[in-house]
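Just one chain follows, in the form predicted alone, and it is written as structure tokens.
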Amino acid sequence: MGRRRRRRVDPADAARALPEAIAVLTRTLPTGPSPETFRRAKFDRPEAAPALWRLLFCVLSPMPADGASPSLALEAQARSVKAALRFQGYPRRALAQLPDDGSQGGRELLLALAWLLARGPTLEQLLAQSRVRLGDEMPVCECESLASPGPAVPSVEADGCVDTRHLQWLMGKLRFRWRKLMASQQEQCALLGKIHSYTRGCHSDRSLGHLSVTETELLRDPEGGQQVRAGGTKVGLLQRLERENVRLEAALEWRRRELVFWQWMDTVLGACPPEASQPAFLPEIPAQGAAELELVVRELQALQEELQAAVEPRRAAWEARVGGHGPEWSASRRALQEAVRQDLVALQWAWERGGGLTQPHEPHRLVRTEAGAPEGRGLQATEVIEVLRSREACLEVVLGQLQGQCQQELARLVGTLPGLIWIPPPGR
């Protein structure tokens, strides 16, 4: 049997098919420029640079929940693109040397886009971000919220004394908003339960069995239901589904035409001036310096042993001094040990569950099941409740520890003021 030879594309056919392949790619990408912009970028025309800066910014930046494109200046978008590509390990230094005003670098930006398309499932990730979510979903994993807790709150030093009544008013306002949030969540859950119950048996997928809020709204008002503002205009759910279908069809067509694009990118790369590669710096140790290096190593080992001998008695003295702080230190230490024990129990339970919470970190669709029905592939509500209760117990232990530390600090401050009587609040 002979080897299967790779099919080559005729140059004339490639020249005719190249604009169609680029047009398909631009329909798949968010805010994709025209094929003419790609052609001008190959010859490094300055008028092609702003559109490619904006395209790379949309590709590298996470899309908001409402689908609206962020309105940043071109200079800020260029700096963000440079930082994101540097973080992902983009090898060419010429892009980092481009000016931040976004007026140059069409060819380098075209190479960066091709690098992103070639290194990973960039198109699949973009399609997953922009897909229309029809189900009633609930996030289970909190990795993203913990990894990006938001901007840090600036610390403001109080001028003079702080009014305790103002702090009490803020605490009451926080409790009121917390109760309001909990009431709205309970009301939303009740409405979801009613919709799932009333639409039982209406879904074409038997594993789901009922409609979601979005699907119910789509049946009630196909043209104007679930409108979302995008690009300054309100877009209905049906229009968003049509746009998603267009992008999916373009992605399938791109897989059939991408060979032409990559052959054209070879010519773009050939038109770029080669970059001087930085040779790896390997220090050479001369033969006469080997004995001196060995002497330095022995001196470092001796210093490390001396440091270890000096640290041990200091550590023992510190532990003896800290251990005499009385019951407050013992209570704080016990609370910390209990918090660590609760965390270890929760981690061990999650590990023993195996495939329970080790599923992909993405929202799960809420599906109402009847009692006695066979369990599906997703998470069960009882599993999530157990994990949340374990997490709640750990947080309560940490809260008790922090409250104890605050009471100790208040007692210390009160002790510095003679004639002041401190009455702690009653326990709740």
Partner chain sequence: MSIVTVQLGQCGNQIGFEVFDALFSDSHCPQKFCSKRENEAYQASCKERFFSEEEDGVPVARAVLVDMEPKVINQTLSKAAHSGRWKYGQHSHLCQKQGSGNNWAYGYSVHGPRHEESIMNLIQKEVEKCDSLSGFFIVMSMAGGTGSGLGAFLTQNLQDQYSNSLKMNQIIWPYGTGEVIVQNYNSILTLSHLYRSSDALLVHENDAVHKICAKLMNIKQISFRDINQVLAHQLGSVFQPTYSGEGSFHYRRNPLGDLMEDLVPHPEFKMLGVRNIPQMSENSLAYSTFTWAGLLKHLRQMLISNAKMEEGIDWQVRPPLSGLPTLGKMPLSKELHFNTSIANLVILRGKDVHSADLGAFKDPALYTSWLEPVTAFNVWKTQRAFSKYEKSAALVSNSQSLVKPLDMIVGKAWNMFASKAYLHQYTKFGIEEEDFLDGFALLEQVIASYSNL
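Residue numbers count along the first chain shown, from 1. Quantities reported herein were computed from a predicted structural model and do not represent experimental measurements.
Just so it is clear, the following notes concern the form predicted together with its partner chain, a form of the same protein that is not shown.
Interface residue among A309, A316, M182, V297 relative to its partner chain in the predicted complex, by the heavy atom within 4.5 Å criterion: M182. Exactly one listed residue, out of R220, R206, R165, R255, brings a non-hydrogen atom to within 4.5 Å of its partner chain in the predicted complex: R165. In summary, the region of this chain contacting its partner chain in the predicted complex, judged by heavy atoms within 4.5 Å and restricted to 244 to 252, 298 to 306, 169 to 177, 107 to 115, corresponds to 169 to 177. With a 4.5 Å cutoff on heavy atoms, T267 does not count as touching its partner chain in the predicted complex; it lies far away. In the predicted complex, at least one heavy atom of L191 sits within 4.5 Å of its partner chain. For the chain shown alone, E187 is a contact residue for its partner chain in the predicted complex, at least one non-hydrogen atom being within 4.5 angstroms.
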